[in-house]
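Just one chain is shown here, as structure tokens, and it is the form predicted on its own.
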């Protein structure tokens, strides 16, 4: 009897003193989970980066106000890369080696994120990216990287298909950037042009950072184009639209979701009336977006509220997915458990901020349903034309 008692006590003692598997997991303590973000908080792209950051601030404040996740509060350390890829890598290395973060949420631009992914892959550090869903980030799929959104190629494909249906017999022009971003846009356009037999009268490329589009818009006018893929990001969208307006070019134009930022509408003025954008994120004017803004008012200043845009919404959804995987790991949180639980997310309800979100075994891209949105400059609104 005494021998059995001693064995039982020894077993109990071993259980009490055995380390939890999370004990050696970077960024995880008894009461805190530390995440890292690398976003552009300075320079022209900061209007995206700051909005993105504010989305994560809202999500973190909300979850911590409710007591955290499984007894742990969420902490986020953010680094500014100024939209420079080399700085993105430096910031990621600092977050890993100095700040000891558990995982990365949010990211910078396409090339910046790809560079950071190489660093994270060395130690299988998770990344949930709801910012720049470029194809190269999930094709082929990487074990530790999860991308929320829709590809530029598929976004353009759906937009051009919609526009071509609305304006039959149009003569098409494309003006796109001479880099990976532009290549994805051209790939999407070319697929629909072949599928629907579109008449393409001119296809032009511009240099990254270009300011003056007078020559390009003049060529578009001389080619007799009546519809155009405006392949700009932010300032380029504005410059093309204003130059076309100046030339008296009556053209049906469409662009990607970066054209759906309030700053674009403010800068382009009447030249942007009727601009079509494609997106997978709700507008801030519809019920889901209004509810998001009301939630934000609990945690942000009035000045910060003014800086919210569609990137705040996508960031918030990305954080919700991150929290869901953490929550489903229970007390024993490890990176491998997190990755496994991310894979299990299916038809996650975003409350109307996006369509349902799903990953899967070996699936690292959510392939969100897109919708068409029109810029109503006169009323300072973005009007949904289709549903998710």
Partner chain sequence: MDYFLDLVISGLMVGALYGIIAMGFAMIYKATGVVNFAQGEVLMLVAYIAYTLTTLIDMPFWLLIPATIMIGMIVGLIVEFLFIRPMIGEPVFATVMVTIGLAVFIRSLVVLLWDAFPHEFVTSLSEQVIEISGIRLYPSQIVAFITYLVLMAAFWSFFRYSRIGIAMRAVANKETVALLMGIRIKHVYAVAWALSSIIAGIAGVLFASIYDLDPTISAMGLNAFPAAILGGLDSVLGSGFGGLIIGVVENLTGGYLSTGLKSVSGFVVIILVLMVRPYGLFGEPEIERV
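Positions refer to the first chain, counted from 1. Small disclaimer: the values here were computed from a predicted structure and weren't measured.
Absent from the display: the form predicted together with its partner chain. The rest refers to it.
Pick from 300, 164, 119, 267: which residue has any heavy atom within 4.5 angstroms of its partner chain in the predicted complex? Spelling it out, the residue with a heavy atom inside the cut-off is 267.
Which listed residue (214, 124, 139, 290) meets the criterion of a heavy atom within 4.5 Å of its partner chain in the predicted complex? Answer to the contact question: 214.
Heavy atom distance at most 4.5 Å to its partner chain in the predicted complex, all of 78, 95 and 356: No, the whole trio is out of contact, none within 4.5 Å by any heavy atom.
If contact means a heavy atom within 4.5 Å, which one of 124-132, 292-300, 235-243, 86-94 is the stretch that engages its partner chain in the predicted complex? It is the stretch 235-243.
Using 4.5 Å between non-hydrogen atoms, is residue 196 touching its partner chain in the predicted complex? No, residue 196 sits far enough from its partner chain in the predicted complex that none of its heavy atoms falls within 4.5 Å.
Can you check whether residue 143 is within 4.5 Å of its partner chain in the predicted complex, heavy atom basis? Flag for residue 143 set to no.
Is there a heavy atom of residue 218 no more than 4.5 Å from a heavy atom of its partner chain in the predicted complex? Contact check for residue 218: yes, within 4.5 Å of its partner chain in the predicted complex.
Close approach of residue 333 to its partner chain in the predicted complex, 4.5 Å, heavy atom: Result no; residue 333 lies far from its partner chain in the predicted complex.
Any residue of 42-66 with a heavy atom within 4.5 Å of its partner chain in the predicted complex counts; write them all down in order. Stretch hits, in order: 43, 44, 46, 47, 50.
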